[in-house]
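This document opens with one chain alone, in structure tokens, the form predicted alone.
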Amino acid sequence: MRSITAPVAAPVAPGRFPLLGHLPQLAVKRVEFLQSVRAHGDIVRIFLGNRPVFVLNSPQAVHDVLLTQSRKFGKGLLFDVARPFIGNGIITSERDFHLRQRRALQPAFRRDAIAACVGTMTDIAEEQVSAWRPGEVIAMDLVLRRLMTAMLVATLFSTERPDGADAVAELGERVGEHLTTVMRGVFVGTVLPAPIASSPALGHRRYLAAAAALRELADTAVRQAREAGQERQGGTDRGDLLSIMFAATPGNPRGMTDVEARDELLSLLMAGAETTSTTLAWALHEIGRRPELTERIRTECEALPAGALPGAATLPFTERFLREVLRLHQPSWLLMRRALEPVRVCGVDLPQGAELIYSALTMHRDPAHYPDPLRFDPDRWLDRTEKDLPPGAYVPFALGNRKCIGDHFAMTEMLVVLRSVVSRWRPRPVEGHRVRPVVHALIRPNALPMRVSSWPAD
């Protein structure tokens, strides 16, 4: 119900420059700047040039926008910038079309469907991890990206025809090659005025070329999967995600078009490969800095009974460990929404068209909810579970009707990979290398070389 309390104006964050607004602070100290504005209110205005943007700082504000009043909000500027280049898939699409696509994809992300993929996930992880050699330095950030892409392709986009399999595999291999460029371009296009963002000096041409290359690869993969489906007698559904995309649904009796399937393929590869591999890179970074955590994870994983599915019930410490990685190293540090109509949030009246930012990362580092927030401690989740936190205080996969469709899939993948790594290896940092966060569309390590050593024989 609409509050009868008189509205208050959202305060403006200090340090605004003429013409530039808060762009200098956001360019130099991105996360630190958003962390600093939390002290000025539940909702604070910043300016990207002369464009006002409202920053949501409290769990209540985030929960209200993402869940309670979610129908009054669209995806926002960040997704407008991304849509022409990555398509109108589940990440960027809006309202009725988004709901139709989400319902069509949902069968692939049911828990029973994910459980059926665990064997394939394990085989791929074991194959790649077993190829390492004692004493070898592994570029973990790059290796994990290839591993997660291979796992996603094999589990969700399998195909019976060799050229179809090759097309999807090539797409998977080259996603990492182009995706960083595309995501950097999306970020630049969001925070900077269009004439500046499109400057060749900021890599705009590379961005356009990378986006075009991704679309071309995805088009090929979808076309060949469609042809393979038509060749099968009776059009038997294999149960993989491409078959699901092409299948008729109550909301879409003809199934997805090739363009719609391409956009969903790109969306899921971007979210499933890039975000998950970045989270795992931070997980390996924390393991390298804390050998005692490696011991605990290894002990727990080795006790997992044969055939048992990895999860919170079977690997409780490892799951808490990943939960803490997602708290302290949340990759998606900046997301946006747009008010579709006038709306009041936390006593602040937002006009139609207002652009909103929320940062799960800064929310996850709020000392009011996480004592000593920069301390990495998986056991903090024993003292205060997610249910004990205010709604909106922990949002690694967002909330409501835009919550990540693959949250359980991603957690299962990460548990499988961690189990495969620590069962064989003790990853350690490379002496002299300092891991620094690089902040563009995601926060990723600048580079993560790690030396692996075998466990001593029991």
Ligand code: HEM
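Numbering starts at 1 and follows the sequence shown. Not measured: the values here are computed from a predicted model.
As for the form predicted together with protoporphyrin IX containing FE (HEM), it is not shown, yet the points below apply to it.
Among 308-316, 346-354, 101-109, 379-387, the region lying within 4.5 Å of protoporphyrin IX containing FE (HEM) in the predicted complex by heavy atom distance: Contact criterion met by 101-109 only.
Any chance Thr276, Ala398 and Phe409 all have a heavy atom within 4.5 Å of protoporphyrin IX containing FE (HEM) in the predicted complex? Yes, the whole candidate spot contacts protoporphyrin IX containing FE (HEM).
So in the predicted complex, does Leu340 come within 4.5 Å of protoporphyrin IX containing FE (HEM), heavy atom to heavy atom? Result no; Leu340 lies far from protoporphyrin IX containing FE (HEM) in the predicted complex.
Closest heavy atom of Arg215 to protoporphyrin IX containing FE (HEM) in the predicted complex, within 4.5 Å or not? No, Arg215 sits far enough from protoporphyrin IX containing FE (HEM) in the predicted complex that none of its heavy atoms falls within 4.5 Å.
Is there a heavy atom of Gln330 no more than 4.5 Å from a heavy atom of protoporphyrin IX containing FE (HEM) in the predicted complex? Result yes; Gln330 sits at the interface with protoporphyrin IX containing FE (HEM) in the predicted complex.
Spell out, yes or no, whether the shortest heavy atom distance between Cys404 and protoporphyrin IX containing FE (HEM) in the predicted complex is within 4.5 Å. Heavy-atom contact with protoporphyrin IX containing FE (HEM) at 4.5 Å: present for Cys404.
Of the options Ala82, Ile287, Ala210, Leu268, which one has a non-hydrogen atom that comes within 4.5 Å of protoporphyrin IX containing FE (HEM) in the predicted complex? Answer to the contact question: Leu268.
Ile91, Val153, Met245, Ala125 - the one with a heavy atom within 4.5 Å of protoporphyrin IX containing FE (HEM) in the predicted complex: Partner contact (heavy atom, 4.5 Å) among the options: Ile91.
For a quick check, can you give me the residues of 50-78 that have a heavy atom within 4.5 Å of protoporphyrin IX containing FE (HEM) in the predicted complex? Residue within 4.5 Å: Lys75, and no other.
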